[in-house]
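Take a look at this one chain, the form predicted alone, written out in structure tokens.
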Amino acid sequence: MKALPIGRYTNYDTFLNRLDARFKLLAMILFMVVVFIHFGSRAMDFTFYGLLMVMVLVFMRIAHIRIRQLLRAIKPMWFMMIFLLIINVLVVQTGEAFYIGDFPIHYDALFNTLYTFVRLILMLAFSLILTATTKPMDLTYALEWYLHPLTFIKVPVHIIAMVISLALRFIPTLLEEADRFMKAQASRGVDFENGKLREKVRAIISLIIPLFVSAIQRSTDLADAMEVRGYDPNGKRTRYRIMHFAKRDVLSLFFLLAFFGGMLALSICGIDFYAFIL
């Protein structure tokens, strides 16, 4: 579990680390939207996904994220993807098909599963890049900055941002805690890999219950510490560090909006890239 880098900031002096957190949060949201854009043909869609994958690999290289870290993060999704593939094979009955014995398997079912899998990989990769290059507090300030207009309708923006920042802060801690509990239970003879379903359920329960107890205890200690220090969630807050947009943020925002606008225009107009080239 220590190999899972979600929520862990790596302090490297890279271009991505120096970008403003507000821009990176907006970029991730727009990339998430772009991932779900459909261009009208499978060739166009997978060409675009290939372009996005190249961009992801370049960003990962800049952020010093290794490919095996992404593969380890994808590992828990394999069971879900196999389950989704089975559902699609049983439900989707459109398009050309090939037969395994007397059972037809339609290509649309396979492509639908592949679409979902590629989108999940891209979204997970963008999330890893964001958390690896952005400090949790900077990410909290960025989110609070975007939610600030909601304060005019009495939405507790600061409290929401604080809750999210605490959740991001404790993701690595809880992962390390879970890894420690797994090793402790394994030393007592608990087998998380083998055994019958009932034995695996008992093994998982032996891990989940102490993890919940530890998380509740940590949250109680944190609440007491914040109360002792006089933290008032409704009080007026000041900041030691003020966030400013630099020239690199403005230029990056310009290229981001141009890229997003171009992809959106291609999708709406239904332009076939290959026909346009030829």
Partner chain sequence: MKAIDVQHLWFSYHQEEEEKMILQDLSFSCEQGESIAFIGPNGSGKSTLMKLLVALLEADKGKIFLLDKELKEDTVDFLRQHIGIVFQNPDNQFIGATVRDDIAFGLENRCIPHEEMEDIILKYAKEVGMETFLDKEPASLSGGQKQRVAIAGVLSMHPKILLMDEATAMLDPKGRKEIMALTKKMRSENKDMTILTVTHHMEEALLSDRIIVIYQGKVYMEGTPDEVFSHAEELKAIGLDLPFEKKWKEELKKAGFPIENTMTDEEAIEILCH
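In this text, rigid core is short for the largest set of C-alphas that superpose within 1.5 Å between two forms. Everything numeric in this text was worked out from a predicted model, so none of it was measured. Residue numbers count along the first chain shown, from 1.
In what follows, reference is made to the form predicted together with its partner chain, a form of this protein that is not presented.
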Does any heavy atom of residue 169 come within 4.5 Å of a heavy atom of its partner chain in the model of the complex? yes
Contact test in the model of the complex: residue 94 vs its partner chain, heavy atoms, 4.5 Å: no
Any non-hydrogen atom of residue 151 within 4.5 angstroms of its partner chain in the model of the complex: no
Is residue 162 part of the interface with its partner chain in the model of the complex - any heavy atom within 4.5 Å? yes
Region of this chain that lies against its partner chain in the model of the complex, out of 25 to 33, 247 to 255, 52 to 60, 219 to 227 [heavy atom, 4.5 Å]: 219 to 227
Only one of 74, 143, 85, 137 comes within 4.5 Å of its partner chain in the model of the complex by heavy atoms, so just point that one out. 137
Joint contact, 181, 186 and 194 to its partner chain in the model of the complex, by non-hydrogen atom at 4.5 Å: no
Would you say residue 55 moves its Cα by 2 Å or more between the shown form and the other one, aligning on the core? no
After core superposition, I'd like to know whether residue 226 moves between the shown form and the other one (criterion: C-alpha shift of 2 angstroms or more). yes
Rigid core superposition, residue 69 Cα moves 2 angstroms or more between the shown form and the other one: no
